[in-house]
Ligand SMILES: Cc1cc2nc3c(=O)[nH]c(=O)nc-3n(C[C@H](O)[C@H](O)[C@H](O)COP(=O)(O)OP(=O)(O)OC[C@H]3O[C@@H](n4cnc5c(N)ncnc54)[C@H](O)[C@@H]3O)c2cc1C
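The chain below stands alone and is given in C-alpha cells; this is the form predicted alone.
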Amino acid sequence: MAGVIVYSANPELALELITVARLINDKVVALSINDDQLAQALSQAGAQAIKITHPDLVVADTAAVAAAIKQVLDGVQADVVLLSSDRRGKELAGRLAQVMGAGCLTDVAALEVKEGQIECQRNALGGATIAVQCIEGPQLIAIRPRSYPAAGTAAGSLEEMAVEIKASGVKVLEFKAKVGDKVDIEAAETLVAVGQGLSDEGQLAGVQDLAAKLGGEVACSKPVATDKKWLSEERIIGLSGKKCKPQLALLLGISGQVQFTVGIRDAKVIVAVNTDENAAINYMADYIMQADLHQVVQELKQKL
C-alpha cells in the first residue's frame, strides 16, 4: 500500500489524523496551507510535512483546496487521503473525492487494516448500528474528530511545494468571533446532560452548579435546545449534535433514544438518573439511579 496524505486546517485534528495514518502506513505526508505554525507542528509530530503557500489559496474555498491537494497527490506516492470529518472537512471530502476519482467515507469512528484492505467503522441506520465498510481503489476517508489521540513528538521533515491555483472566487473580508455559546462539549472530561425530564428552565442553575463542582460542562438532548431553547445548540449530544467521549457522563432525565445515545455511548462511565425504571438509557448505563433528578442534583451538590 502506498503512503497516506493527511490534511486539516485545525492543528489538533491534524495531529489526530497523523495517529490514524500510522495505522495504515508509516509513510505519512501532512499538508499545511498558508500556515507556517501548523507546518512546524506537523513536522515535529514525525510527518513529512509539506507547506503550501499561495496568496490566491483561501482555505474557505474548498474547491481550490481540493485542487491544491490533488496536485500534491500527483507528485507524492499516496493512494489514501485522510481528512477530519468536521463541517469544512466534510465539504472538502466530497470535492476532493470527485477530482481524485476516489471512493469516500465520512464520519469514520475507527479503522483497521486487514490483509491490505482498510476496514472503516461508522454509524448506520441513524446510529442504531455500526457498519464496517471498505473502499476499492483510491480512498478518501474523513475521521470523526477526537476518535483518536493526537500524535506525539517525533522526528519529521518539512519542505515547501508550489502549486498552481486560479484566483479564488472567495474573498475573506474579515473574521468575526462566533456570537453566543463557545463551549466545546467534545473536549470535556465530565458532562452533566439534561433531557426533557428537567421540569423547568429555572432548574438549570442547579445543574450548572453541579457541573461546575464536578469540573465539567452542561450538555443536553436535542429538544432541550431546539424546542425549549433552554440551552444553545452547541450543547446538543447526539446524531444532530456532538459525539462525545467523556470520562464521566451524568445523564439527568434522558430517556435514551438512539438519536441521543449515538453521541454518548463511548463515554467511559455513564450514570443515568431517571424515574422510569424501563427507560432505554438504563440498558447502556454503568450505574442507574431510579430517582427524581432534581433531588439527586441537590444531594450531589451537598456532598460535593
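Residue numbers run from 1 along the displayed sequence. For the two forms, the rigid core is made up of the largest set of C-alpha atoms that agree within 1.5 Å on superposition. Not measured: the values here are computed from a predicted model.
The form predicted together with this ligand is left out here; the points below concern that form.
Note on the interface: of 53-61, 35-43, 268-276, 66-74, the segment with non-hydrogen atoms within 4.5 angstroms of this ligand in the predicted complex is 268-276. Contact with this ligand in the predicted complex, judged by any heavy atom within 4.5 Å, is made by just one of Gly94, Gly206, Gly152, Pro223: Pro223.
Gln247 falls outside the set of residues with a heavy atom inside 4.5 Å of this ligand in the predicted complex.
Contact check for Gln196: a heavy atom falls within 4.5 Å of this ligand in the predicted complex. Put simply, Ile236 is close to this ligand in the predicted complex: some heavy atom of it is within 4.5 Å.
Within 4.5 Å of some heavy atom of this ligand in the predicted complex lies at least one heavy atom of His294. Shown without its partner, the chain has Gly253, Ile254, Ser255, Gly256, Gln257, Gln259, Phe260, Val273, Asn274, Thr275, Asp276, Ala279 in segment 247-281 as residues with a non-hydrogen atom within 4.5 angstroms of this ligand in the predicted complex.
Positional change of Ile118 between this form and the one not shown stays under 2 Å at the C-alpha, relative to the superposed core.
With the core held fixed, Lys228 shows a CA shift of 2 Å or greater between this form and the one not shown. Core-superposed comparison between this form and the one not shown: the Cα of Leu198 travels 2 Å or more.
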